[in-house]
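Starting off, we have a lone chain in the form predicted alone, written out as C-alpha coordinates.
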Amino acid sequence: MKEAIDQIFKELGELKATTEKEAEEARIRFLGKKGEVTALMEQFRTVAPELKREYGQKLNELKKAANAKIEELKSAVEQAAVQYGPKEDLSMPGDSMPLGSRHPVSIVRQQIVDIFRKFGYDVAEGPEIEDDYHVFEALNFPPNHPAREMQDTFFVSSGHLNPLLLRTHTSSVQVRTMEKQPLPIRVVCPGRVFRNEAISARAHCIFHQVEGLYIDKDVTFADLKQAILLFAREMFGPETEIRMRPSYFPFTEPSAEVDVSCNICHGKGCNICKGTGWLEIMGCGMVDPNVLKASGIDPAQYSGFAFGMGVERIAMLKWQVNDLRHYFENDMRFLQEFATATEV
(Lines give C-alpha, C1' and ligand atoms only; values in the text may rest on other atoms or scores of the structure.)
Protein backbone atom coordinates (compact mmCIF):
# COMPACT_ATOMS: atom_id res chain seq x y z
CA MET A 1 0.00 0.00 0.00
CA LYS A 2 2.88 2.36 0.84
CA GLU A 3 4.31 1.90 -2.66
CA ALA A 4 0.90 2.53 -4.21
CA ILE A 5 0.42 5.72 -2.21
CA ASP A 6 3.89 6.98 -3.14
CA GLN A 7 3.23 6.18 -6.84
CA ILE A 8 -0.03 8.16 -6.84
CA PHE A 9 1.69 11.11 -5.14
CA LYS A 10 4.26 11.03 -7.95
CA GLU A 11 1.57 10.87 -10.68
CA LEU A 12 -0.33 13.78 -9.10
CA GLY A 13 2.81 15.86 -9.18
CA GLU A 14 3.21 15.24 -12.92
CA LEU A 15 -0.52 15.58 -13.75
CA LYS A 16 -1.47 18.23 -16.37
CA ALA A 17 -4.68 19.25 -18.15
CA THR A 18 -5.36 21.76 -20.90
CA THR A 19 -9.14 21.36 -21.21
CA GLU A 20 -12.10 20.93 -18.90
CA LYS A 21 -12.57 17.44 -20.29
CA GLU A 22 -9.03 16.41 -19.34
CA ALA A 23 -9.44 17.86 -15.83
CA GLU A 24 -12.69 15.93 -15.37
CA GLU A 25 -11.07 12.73 -16.64
CA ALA A 26 -8.29 13.21 -14.06
CA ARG A 27 -10.86 13.61 -11.27
CA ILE A 28 -12.62 10.42 -12.31
CA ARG A 29 -9.32 8.54 -12.57
CA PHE A 30 -8.26 9.35 -8.99
CA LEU A 31 -11.42 10.27 -7.05
CA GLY A 32 -14.27 8.61 -8.95
CA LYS A 33 -16.22 5.63 -7.59
CA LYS A 34 -13.69 3.31 -9.23
CA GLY A 35 -10.75 5.72 -8.95
CA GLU A 36 -7.29 4.85 -7.67
CA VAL A 37 -7.55 6.78 -4.38
CA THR A 38 -11.02 5.40 -3.77
CA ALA A 39 -9.70 1.86 -4.29
CA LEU A 40 -6.98 2.43 -1.67
CA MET A 41 -9.59 3.73 0.78
CA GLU A 42 -11.51 0.48 0.29
CA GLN A 43 -8.31 -1.54 0.69
CA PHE A 44 -7.60 0.23 4.00
CA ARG A 45 -10.20 -2.00 5.68
CA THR A 46 -7.82 -4.95 5.37
CA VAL A 47 -4.83 -3.22 6.97
CA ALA A 48 -3.61 -4.69 10.28
CA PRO A 49 -4.85 -2.75 13.34
CA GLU A 50 -1.35 -1.71 14.39
CA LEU A 51 -0.78 -0.08 10.93
CA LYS A 52 -4.14 1.68 10.55
CA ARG A 53 -2.94 4.92 12.19
CA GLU A 54 0.07 5.24 9.91
CA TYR A 55 -1.70 4.37 6.69
CA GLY A 56 -4.82 6.30 7.63
CA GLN A 57 -2.82 9.52 7.86
CA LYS A 58 -1.09 8.84 4.52
CA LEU A 59 -4.43 8.13 2.78
CA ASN A 60 -5.99 11.33 4.15
CA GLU A 61 -2.99 13.31 2.91
CA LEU A 62 -3.28 11.60 -0.48
CA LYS A 63 -6.98 12.36 -0.81
CA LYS A 64 -6.42 16.02 0.13
CA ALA A 65 -3.54 16.26 -2.33
CA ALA A 66 -5.66 14.71 -5.11
CA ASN A 67 -8.57 17.13 -4.45
CA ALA A 68 -6.19 20.09 -4.36
CA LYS A 69 -4.54 19.03 -7.64
CA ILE A 70 -7.86 18.59 -9.45
CA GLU A 71 -9.06 22.02 -8.29
CA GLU A 72 -5.74 23.50 -9.39
CA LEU A 73 -6.13 21.98 -12.86
CA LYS A 74 -9.72 23.20 -13.24
CA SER A 75 -8.78 26.70 -12.14
CA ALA A 76 -5.86 26.80 -14.57
CA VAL A 77 -8.09 25.69 -17.45
CA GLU A 78 -10.73 28.34 -16.64
CA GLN A 79 -8.12 31.11 -16.43
CA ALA A 80 -6.60 30.03 -19.76
CA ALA A 81 -10.06 30.14 -21.39
CA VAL A 82 -10.63 33.67 -20.12
CA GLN A 83 -7.17 34.84 -21.17
CA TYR A 84 -6.78 33.18 -24.54
CA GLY A 85 -10.40 32.56 -25.52
CA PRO A 86 -11.91 29.27 -26.71
CA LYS A 87 -9.68 26.77 -28.44
CA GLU A 88 -12.30 26.07 -31.09
CA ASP A 89 -12.33 28.05 -34.32
CA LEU A 90 -15.67 29.84 -34.11
CA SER A 91 -15.40 30.90 -37.75
CA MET A 92 -15.74 27.29 -38.88
CA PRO A 93 -19.15 26.41 -40.37
CA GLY A 94 -21.42 24.39 -38.09
CA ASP A 95 -22.79 20.94 -38.71
CA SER A 96 -25.44 20.95 -41.40
CA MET A 97 -28.98 20.06 -40.34
CA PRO A 98 -31.38 18.31 -42.72
CA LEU A 99 -34.27 20.59 -43.62
CA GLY A 100 -37.81 19.37 -44.06
CA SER A 101 -40.05 20.17 -47.00
CA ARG A 102 -43.72 20.82 -47.53
CA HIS A 103 -46.09 17.88 -47.84
CA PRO A 104 -47.29 17.20 -51.41
CA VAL A 105 -50.91 17.82 -50.37
CA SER A 106 -49.91 21.21 -48.92
CA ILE A 107 -48.00 22.04 -52.11
CA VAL A 108 -50.97 21.32 -54.39
CA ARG A 109 -53.44 23.02 -52.06
CA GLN A 110 -51.32 26.19 -52.15
CA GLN A 111 -50.97 25.98 -55.93
CA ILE A 112 -54.76 25.79 -56.32
CA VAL A 113 -55.31 28.72 -53.97
CA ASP A 114 -52.62 30.80 -55.69
CA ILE A 115 -54.21 30.22 -59.10
CA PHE A 116 -57.62 31.41 -57.95
CA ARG A 117 -56.07 34.35 -56.10
CA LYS A 118 -54.80 35.53 -59.49
CA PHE A 119 -58.40 35.40 -60.69
CA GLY A 120 -59.52 37.69 -57.86
CA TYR A 121 -60.75 35.09 -55.35
CA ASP A 122 -60.32 35.56 -51.60
CA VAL A 123 -59.68 32.68 -49.19
CA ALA A 124 -62.32 31.72 -46.61
CA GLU A 125 -61.96 29.12 -43.86
CA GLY A 126 -64.29 27.64 -41.27
CA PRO A 127 -64.54 25.08 -38.45
CA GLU A 128 -63.94 21.38 -39.07
CA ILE A 129 -66.54 20.48 -36.42
CA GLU A 130 -69.76 21.90 -37.84
CA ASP A 131 -73.48 21.72 -37.22
CA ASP A 132 -76.00 19.90 -39.37
CA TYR A 133 -77.53 23.14 -40.62
CA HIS A 134 -74.39 24.52 -42.28
CA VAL A 135 -73.26 21.15 -43.67
CA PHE A 136 -76.59 19.87 -44.94
CA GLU A 137 -79.81 21.82 -44.40
CA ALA A 138 -78.61 25.20 -45.71
CA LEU A 139 -77.25 23.39 -48.77
CA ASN A 140 -80.65 21.97 -49.76
CA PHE A 141 -80.27 18.67 -47.86
CA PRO A 142 -83.62 18.53 -46.00
CA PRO A 143 -84.02 15.95 -43.17
CA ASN A 144 -84.33 12.37 -44.42
CA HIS A 145 -83.49 13.46 -47.97
CA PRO A 146 -81.93 10.59 -49.98
CA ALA A 147 -79.03 12.87 -50.97
CA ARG A 148 -77.71 12.66 -47.40
CA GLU A 149 -76.84 9.02 -48.10
CA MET A 150 -74.29 10.21 -50.67
CA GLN A 151 -72.00 11.20 -47.80
CA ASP A 152 -71.25 8.92 -44.84
CA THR A 153 -70.90 11.24 -41.87
CA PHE A 154 -68.98 11.17 -38.58
CA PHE A 155 -71.38 12.61 -35.99
CA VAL A 156 -69.88 14.20 -32.87
CA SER A 157 -73.25 14.60 -31.13
CA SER A 158 -76.75 13.49 -32.01
CA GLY A 159 -80.22 13.31 -30.58
CA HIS A 160 -81.17 16.96 -31.10
CA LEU A 161 -82.38 19.12 -33.98
CA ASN A 162 -78.96 20.47 -35.01
CA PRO A 163 -76.33 17.82 -34.21
CA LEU A 164 -72.59 18.43 -34.47
CA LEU A 165 -70.51 16.49 -36.99
CA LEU A 166 -67.16 16.44 -38.76
CA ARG A 167 -67.79 18.38 -41.96
CA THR A 168 -68.09 16.22 -45.06
CA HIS A 169 -67.22 19.09 -47.41
CA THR A 170 -66.02 22.67 -47.20
CA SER A 171 -69.32 23.86 -48.65
CA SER A 172 -70.21 24.74 -45.05
CA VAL A 173 -67.65 27.54 -45.31
CA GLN A 174 -69.49 28.83 -48.39
CA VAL A 175 -72.71 28.99 -46.36
CA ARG A 176 -71.04 30.93 -43.55
CA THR A 177 -69.51 33.29 -46.13
CA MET A 178 -72.89 33.94 -47.76
CA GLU A 179 -74.39 34.65 -44.32
CA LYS A 180 -71.78 37.23 -43.31
CA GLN A 181 -70.01 38.68 -46.34
CA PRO A 182 -71.55 41.43 -48.47
CA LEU A 183 -72.18 40.78 -52.16
CA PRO A 184 -70.58 40.17 -54.58
CA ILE A 185 -68.79 37.08 -53.23
CA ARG A 186 -65.79 35.42 -54.83
CA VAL A 187 -63.98 32.98 -52.52
CA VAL A 188 -62.18 29.66 -52.43
CA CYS A 189 -62.51 27.47 -49.33
CA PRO A 190 -59.61 25.08 -48.72
CA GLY A 191 -59.73 22.64 -45.81
CA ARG A 192 -59.76 19.14 -44.40
CA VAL A 193 -62.94 17.06 -44.56
CA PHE A 194 -64.06 13.71 -43.17
CA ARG A 195 -66.24 10.88 -44.45
CA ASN A 196 -66.85 7.43 -43.02
CA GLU A 197 -65.37 5.48 -45.91
CA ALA A 198 -63.23 2.37 -46.14
CA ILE A 199 -59.57 3.27 -46.68
CA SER A 200 -58.14 2.06 -49.98
CA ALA A 201 -55.84 3.14 -52.79
CA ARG A 202 -58.62 5.41 -54.11
CA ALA A 203 -60.44 6.53 -50.94
CA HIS A 204 -59.70 7.71 -47.42
CA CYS A 205 -61.76 8.80 -44.41
CA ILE A 206 -59.75 12.05 -44.25
CA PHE A 207 -58.99 14.17 -47.30
CA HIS A 208 -58.71 17.79 -48.41
CA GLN A 209 -60.88 19.92 -50.64
CA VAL A 210 -60.79 23.31 -52.27
CA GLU A 211 -64.23 24.64 -53.10
CA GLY A 212 -65.04 27.86 -54.89
CA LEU A 213 -68.03 30.20 -54.88
CA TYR A 214 -68.86 33.20 -57.06
CA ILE A 215 -72.10 35.13 -56.55
CA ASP A 216 -73.01 38.35 -58.35
CA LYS A 217 -75.58 39.71 -60.74
CA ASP A 218 -75.80 38.02 -64.15
CA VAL A 219 -73.42 35.12 -63.41
CA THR A 220 -73.93 32.37 -65.98
CA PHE A 221 -72.83 28.81 -66.67
CA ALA A 222 -70.52 30.20 -69.35
CA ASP A 223 -68.66 32.10 -66.60
CA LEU A 224 -68.30 28.84 -64.66
CA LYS A 225 -66.92 26.99 -67.68
CA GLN A 226 -64.41 29.73 -68.42
CA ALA A 227 -63.19 29.85 -64.80
CA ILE A 228 -62.62 26.09 -64.73
CA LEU A 229 -60.88 26.09 -68.13
CA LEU A 230 -58.48 28.83 -66.99
CA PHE A 231 -57.75 26.92 -63.78
CA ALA A 232 -57.12 23.64 -65.62
CA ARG A 233 -54.66 25.26 -68.00
CA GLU A 234 -52.82 26.96 -65.15
CA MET A 235 -52.58 23.68 -63.19
CA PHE A 236 -51.98 21.09 -65.92
CA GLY A 237 -50.57 23.09 -68.83
CA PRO A 238 -51.73 25.49 -71.56
CA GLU A 239 -52.81 22.71 -73.93
CA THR A 240 -55.30 21.23 -71.44
CA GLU A 241 -58.92 20.89 -72.51
CA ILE A 242 -61.99 20.24 -70.35
CA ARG A 243 -65.31 18.53 -70.82
CA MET A 244 -68.40 18.80 -68.61
CA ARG A 245 -70.78 15.91 -68.03
CA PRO A 246 -74.27 16.35 -66.51
CA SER A 247 -74.43 15.26 -62.88
CA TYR A 248 -76.40 15.81 -59.67
CA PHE A 249 -75.61 17.73 -56.48
CA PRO A 250 -78.31 18.93 -54.07
CA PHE A 251 -76.84 22.43 -53.82
CA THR A 252 -76.35 23.19 -57.54
CA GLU A 253 -78.68 23.11 -60.52
CA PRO A 254 -77.67 22.44 -63.24
CA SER A 255 -74.68 20.38 -62.07
CA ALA A 256 -71.74 18.84 -63.90
CA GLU A 257 -68.66 16.69 -63.44
CA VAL A 258 -65.50 18.14 -64.99
CA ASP A 259 -62.85 16.10 -66.81
CA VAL A 260 -59.51 17.37 -68.11
CA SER A 261 -57.60 15.95 -71.05
CA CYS A 262 -54.97 13.53 -69.81
CA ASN A 263 -51.67 15.37 -69.46
CA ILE A 264 -49.77 12.07 -69.73
CA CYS A 265 -50.97 10.73 -73.07
CA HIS A 266 -52.49 14.01 -74.35
CA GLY A 267 -55.81 12.35 -75.12
CA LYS A 268 -54.46 9.23 -76.83
CA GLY A 269 -55.30 6.88 -73.94
CA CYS A 270 -53.04 5.38 -71.26
CA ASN A 271 -53.24 3.42 -68.00
CA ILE A 272 -53.58 6.63 -65.98
CA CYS A 273 -56.75 7.72 -67.80
CA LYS A 274 -57.82 4.09 -68.37
CA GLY A 275 -57.65 4.56 -72.11
CA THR A 276 -60.27 7.32 -72.26
CA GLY A 277 -57.95 10.29 -72.67
CA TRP A 278 -59.82 12.13 -69.85
CA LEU A 279 -59.35 12.52 -66.09
CA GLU A 280 -62.10 13.60 -63.68
CA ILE A 281 -61.03 16.48 -61.38
CA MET A 282 -64.08 18.18 -59.85
CA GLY A 283 -67.81 18.74 -59.58
CA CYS A 284 -69.51 22.07 -60.22
CA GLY A 285 -72.78 23.81 -61.02
CA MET A 286 -74.94 26.88 -60.67
CA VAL A 287 -75.90 27.60 -57.06
CA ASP A 288 -79.43 26.33 -56.37
CA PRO A 289 -81.91 29.16 -55.62
CA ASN A 290 -82.88 27.40 -52.37
CA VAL A 291 -79.27 27.70 -51.18
CA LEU A 292 -79.27 31.42 -51.92
CA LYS A 293 -82.56 31.89 -50.07
CA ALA A 294 -81.30 30.00 -47.00
CA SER A 295 -78.50 32.55 -46.66
CA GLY A 296 -80.70 35.57 -47.24
CA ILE A 297 -79.75 36.22 -50.88
CA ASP A 298 -82.47 37.05 -53.38
CA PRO A 299 -82.18 34.55 -56.31
CA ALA A 300 -84.24 36.91 -58.48
CA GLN A 301 -81.37 39.44 -58.41
CA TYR A 302 -78.30 37.29 -57.87
CA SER A 303 -76.93 34.07 -59.32
CA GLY A 304 -73.70 32.22 -58.86
CA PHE A 305 -71.66 29.13 -59.42
CA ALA A 306 -69.79 26.75 -57.14
CA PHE A 307 -67.17 24.08 -57.69
CA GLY A 308 -65.23 21.66 -55.55
CA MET A 309 -62.20 19.45 -56.05
CA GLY A 310 -60.21 16.96 -53.97
CA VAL A 311 -56.65 18.09 -53.38
CA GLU A 312 -55.33 14.52 -53.15
CA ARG A 313 -57.03 13.74 -56.45
CA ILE A 314 -55.33 16.68 -58.18
CA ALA A 315 -51.99 15.67 -56.64
CA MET A 316 -52.43 12.07 -57.84
CA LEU A 317 -53.05 13.26 -61.39
CA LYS A 318 -50.27 15.83 -61.33
CA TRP A 319 -47.59 13.42 -60.07
CA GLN A 320 -49.05 10.06 -61.18
CA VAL A 321 -49.32 8.71 -57.62
CA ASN A 322 -51.13 5.38 -57.73
CA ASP A 323 -52.16 5.02 -54.07
CA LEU A 324 -53.92 7.67 -51.96
CA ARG A 325 -52.61 6.13 -48.74
CA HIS A 326 -49.06 7.29 -49.51
CA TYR A 327 -50.08 10.82 -48.51
CA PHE A 328 -50.88 9.74 -44.95
CA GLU A 329 -48.16 7.18 -44.12
CA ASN A 330 -45.26 9.64 -43.51
CA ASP A 331 -42.85 7.47 -45.49
CA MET A 332 -39.75 9.64 -45.87
CA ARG A 333 -38.79 7.91 -49.13
CA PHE A 334 -42.08 9.06 -50.65
CA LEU A 335 -42.09 12.57 -49.15
CA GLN A 336 -38.51 13.33 -50.18
CA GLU A 337 -39.55 13.03 -53.83
CA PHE A 338 -41.47 16.30 -53.43
CA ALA A 339 -38.71 18.31 -51.71
CA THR A 340 -38.32 20.56 -54.76
CA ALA A 341 -41.90 20.37 -56.11
CA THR A 342 -42.91 23.93 -55.23
CA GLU A 343 -43.75 25.45 -58.60
CA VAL A 344 -47.09 25.43 -60.36
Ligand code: DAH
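In this text the structure is predicted, and so the values were computed from the model without any measurement. One rule holds for the numbers: they count along the sequence shown, beginning at 1.
The same protein also has a form predicted in complex with the ligand, omitted here; what follows describes it.
*Indicate whether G308 is a 4.5 Å heavy atom neighbour of the ligand in the model of the complex.*
Answer yes; at least one heavy atom of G308 falls within 4.5 Å of the ligand in the model of the complex.
*asked:* I'd like to know whether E211 contacts the ligand in the model of the complex, with contact meaning heavy atoms within 4.5 angstroms.
replied: Result yes; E211 sits at the interface with the ligand in the model of the complex.
_If we define contact as a non-hydrogen atom of the residue within 4.5 angstroms of the partner, is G285 a contact of the ligand in the model of the complex?_
Because a heavy atom of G285 falls inside 4.5 Å of the ligand in the model of the complex, the answer is yes.
*Looking in the model of the complex, any heavy atom of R176 within 4.5 Å of the ligand?*
Close contact is absent here: in the model of the complex, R176 is far from the ligand, nothing within 4.5 Å, heavy atoms only.
*Given that the partner is absent here, state which listed stretch (46-54, 32-40, 300-308, 60-68) has heavy atoms within 4.5 Å of the ligand in the model of the complex.*
Correct option: 300-308.
*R233, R195, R186, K74: which sits within 4.5 Å of the ligand in the model of the complex by any heavy atom?*
If I apply the 4.5 Å criterion carefully, the residue I get is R195.
*Which residues in 169-191 have a heavy atom within 4.5 Å of the ligand in the model of the complex?*
In sequence order, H169, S171, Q174 come within 4.5 Å of the partner.
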